[in-house]
Each structure stands twice: as structure tokens, then as C-alpha cells.
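There is one chain below, alone, in C-alpha cells, taken in the form predicted alone.
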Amino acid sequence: MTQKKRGFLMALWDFFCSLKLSIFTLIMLAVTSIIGTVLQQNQTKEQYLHVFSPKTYAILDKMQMFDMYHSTWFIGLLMLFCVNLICCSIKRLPRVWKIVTKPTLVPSQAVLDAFPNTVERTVRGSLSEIRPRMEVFVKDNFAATRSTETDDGVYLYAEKNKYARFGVYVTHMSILIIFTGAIIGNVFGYKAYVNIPEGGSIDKVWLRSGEPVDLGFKVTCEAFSVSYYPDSQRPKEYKSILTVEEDGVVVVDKRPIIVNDPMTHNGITFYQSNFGPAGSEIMTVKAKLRGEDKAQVYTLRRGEKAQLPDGTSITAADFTTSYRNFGPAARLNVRKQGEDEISVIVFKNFPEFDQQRKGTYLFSLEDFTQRYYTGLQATKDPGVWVVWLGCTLMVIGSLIAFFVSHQRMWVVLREKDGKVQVRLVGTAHRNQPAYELYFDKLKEAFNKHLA
């Protein structure tokens, strides 16, 4: 390999291991996620044209801004971050692996002096007497020791939670698994939409591009219902009753779905997305002459007109399912021959309401029928379980990385002038303040043990 080629490869390796690249990709992912939250995704072209001009829409659509999370550039950004994370982990792994598998049993004096947690005492006795006492002390208060004899003295080494150093790698792996799941979902999954009228069935859904996707089974909307907040047209809850058939056999029978309670079948999840009227309402209106019991019943759609026996006409002008907290109501336009047209409000829950009006005919709303369509979002995401696995590993890795530390301890025994110099040194690779509190208690025990 030539020097020039090796230099290029090393520069490329340093680029992918760069902390600046990590910061850049994280910022870009954060910015694009914010844009994807503010700019509604996967809407119809007509909905976007209500907000943007045709020229702006064309530019944003070309940039795949309306389906960002499935765009090639977003997936490329995820893959770049994955490569950066892998390279950074590989670069630092050998050093961590050496610390865990080949600990420094005999550190130099400079290394021991660099640790802030230390205590030293000189006691009477021989090395052969003090050594087993300190081995027992460290084992009882910390962990079992490994002994090394040198010309300089005896070194006792103990450690615990050494594999906590790999907690950060578990977290890194979890991020890679989550991103892998996201990429799998983006490449092999889809998000589509469909409207089903009450009593209707579908076996296909449509992507935002208008391309149909065959489900492989039939979905029927058996019924749809909606309730509103009092004195408001704001929906409180809307619910669809769905039935799924495969080859003419019912496999899911009348499964209700509401917002945040979807239905999943064959890896496809159906979410309640929206709803709307499927055709105009059918109103049943009763008309009778004042002072008589006999009444005429008319079934009208919005805008339809009916003729009364005396030539008076009634037109179903408007209808609402909730009028100022009084329930279903209809507005009728009544025109008597030779007179101006008047508007009459009738209520289903208050059939006697029209008696207050001084009219020849009394009207009441007997019943109404409104068919709705249910708007469903169909999502297929084969990478969702991979993402859940990554989330689980992230929790485990974060708990290890932040709450468990690799703690090490050395006891250095040296004979000098018929006495033994005993030095206790400890360190932790994380959460130093907590370890200092622990070492302060250990010093007290150490002094009592050697007193």
C-alpha cells in the first residue's frame, strides 16, 4: 500500500471517527425531526396547496419534504450516523477491553499519586503478617484480591463491576438497532390511507402518491359513531366497528377502534384518522294543522322540498347533530301560498317546541339518519420490533453507564525499618463524588483495622 493511499484511508477513518461528525449528524437529525413535526407529513396534494403556492409545493415535493422519514436523504443521514457511531466505538474499544481483561496489577508510583482517594499507614509487624490481614480486609469490605510480589513490595489488586465499562457500548448498540429498525420500516414499510363508508368494504389502501396497495384481505366498516362535547361541534370521540375477512372467512369480527386504540392484522395497523358525512342526511319531519291530531310525515334530504295539502311547501334547508346543547335540530324553509318564506327550527328532543310559533302548521323532527365514512390510516412497519429491542437495550445500557461504575483498589505493602508501610488507593471510572463518600468510610475501617 502506498503512503498516499494509506494517508487517504487514515484521513477517511479519522473523518468517520470524528466527534464533529457526530455533532453535525445529531444536529441535522434534530433539525429535520423538528421540520417533520411542524410540516405535516403525508397529506394530500390539495391540502398542501391550501397552504403553499404551486411553485413552493413543487420545490418541497422535489426535496421529499412531505414524506421526510421515507426520503433517501433522511435514510442516508441515519446511515451516516450509524457508520460514525460504529467507527467511534471500534476506535475506543481496544483500550477499554485491555482495561477490563488485563488490568494494571502493579501501577507506577506516578499513577498511584494521581488518584485522589488514598490513605497510608505504617504499622509494626512483618510483611508476612500484614499481607493476609489486608487481603481479608479488602475482601470483606470490597472484593477478592489478586496478589503480585515485586522487588519493591507486594501489590494487592481488587475490582468490581468491571463490565460496567461496556454499558456505553450497549447504549451505542441500542442506537444502531433502533436506527436499523427505522431504516427497515422506511424501506419495507408504508403509510397509506383509505375512506370506508358505513357498510362499505375495501381490500386496498392508497399511498400519498395515489398508488394502491393490496392488503390481501377485506375490511368492512360495520358501523360508525361520533359524540361531541357539550354545546360544541368538536368531536369528543369517534369509533369505527371493523370486520376483517380472508377468503370469505371472518377472522376479526366487529372490532371497535378509536383514536389511540388501533387494530392490527397481518402486520398492518389501522388507526382511526378522520371521518366525514357520506352523503346528505335523511330527515323525518312531521307536519300537522294546529288543533288537529292527524299529521303528515315527510322524509327529506338536505335541500329537498315537500308539498303540504294546502299548497304550502317545506324545504329541508339545514341540519346539525347538536344545536347549542339541545341535540339534533333541523332548519325548515316554509313558504305558504301568497306569503313570504320563513325559517322554522325544529328539535328531535323537543317535539312541542314549534307550538310557540303562531303558525297554521306545527312541525317537529321525528328522526334523522346520517351515514358517515371512516378515514383510516394503514401502517405497515416490519422494523417496529427491532426498534422495541433497541429501546430495551438502551434502557439497560443507560442504567449501566450512568449508575454502575468500574471500581478498582490497590493495596501497596512495603517493608521499611522493621515496619510495614501500607497504602490503600481507590478509584472509580464514573460518579466520583459517590465513590469519595464510600472511600471516606473505608478509610475509617482501614484505620481501625490497622490500629
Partner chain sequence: MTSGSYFNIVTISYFASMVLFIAFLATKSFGVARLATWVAILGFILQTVGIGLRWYETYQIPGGAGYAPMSNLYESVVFFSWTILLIYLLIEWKYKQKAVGAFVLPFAFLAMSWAQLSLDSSIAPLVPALQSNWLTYHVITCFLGYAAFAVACGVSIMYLIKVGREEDVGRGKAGGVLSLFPSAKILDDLNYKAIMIGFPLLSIGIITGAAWANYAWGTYWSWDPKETWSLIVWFIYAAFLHARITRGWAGRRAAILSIIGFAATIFCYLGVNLLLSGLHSYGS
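These figures come from a predicted structure and were not determined experimentally. Positions refer to the first chain, counted from 1.
The form predicted together with its partner chain is left out here; the points below concern that form.
Chemist: Establish, in the predicted complex, whether M65, G303 and T374 all lie within 4.5 Å of its partner chain, using non-hydrogen atoms for the distance.
Modeler: The answer is no; none of M65, G303 and T374 reaches its partner chain.
Chemist: Could you check which residue among I175, V250, V136, L308 gets a heavy atom within 4.5 Å of its partner chain in the predicted complex?
Modeler: Contact check passes for I175.
Chemist: Using heavy atoms only and a 4.5 Å cut-off, determine which of Y229, F350, F188, W97 is in contact with its partner chain in the predicted complex.
Modeler: Partner contact (heavy atom, 4.5 Å) among the options: Y229.
Chemist: Which one, 419-427, 53-61, 406-414, 391-399, holds residues whose non-hydrogen atoms are within 4.5 Å of its partner chain in the predicted complex?
Modeler: Among the listed stretches, the partner-contacting one is 391-399.
Chemist: Do Y157 and its partner chain share at least one heavy atom pair within 4.5 Å in the predicted complex?
Modeler: Close contact is absent here: in the predicted complex, Y157 is far from its partner chain, nothing within 4.5 Å, heavy atoms only.
Chemist: How about G181 - does it come within 4.5 Å of its partner chain in the predicted complex, if we only consider non-hydrogen atoms?
Modeler: The answer is yes: G181 has a heavy atom within 4.5 Å of its partner chain.
Chemist: State yes or no: in the predicted complex, is some non-hydrogen atom of N260 no more than 4.5 angstroms from a non-hydrogen atom of its partner chain?
Modeler: Contact with its partner chain, yes.
Chemist: Residue-level contact is defined here as any heavy atom of the residue lying within 4.5 Å of its partner chain in the predicted complex; does L26 satisfy this criterion?
Modeler: Yes.
Chemist: Given a 4.5 Å distance limit between heavy atoms, list every residue of 359-381 close to its partner chain in the predicted complex, or none if there are none.
Modeler: Contacts from 359-381: Q377, T379, D381.
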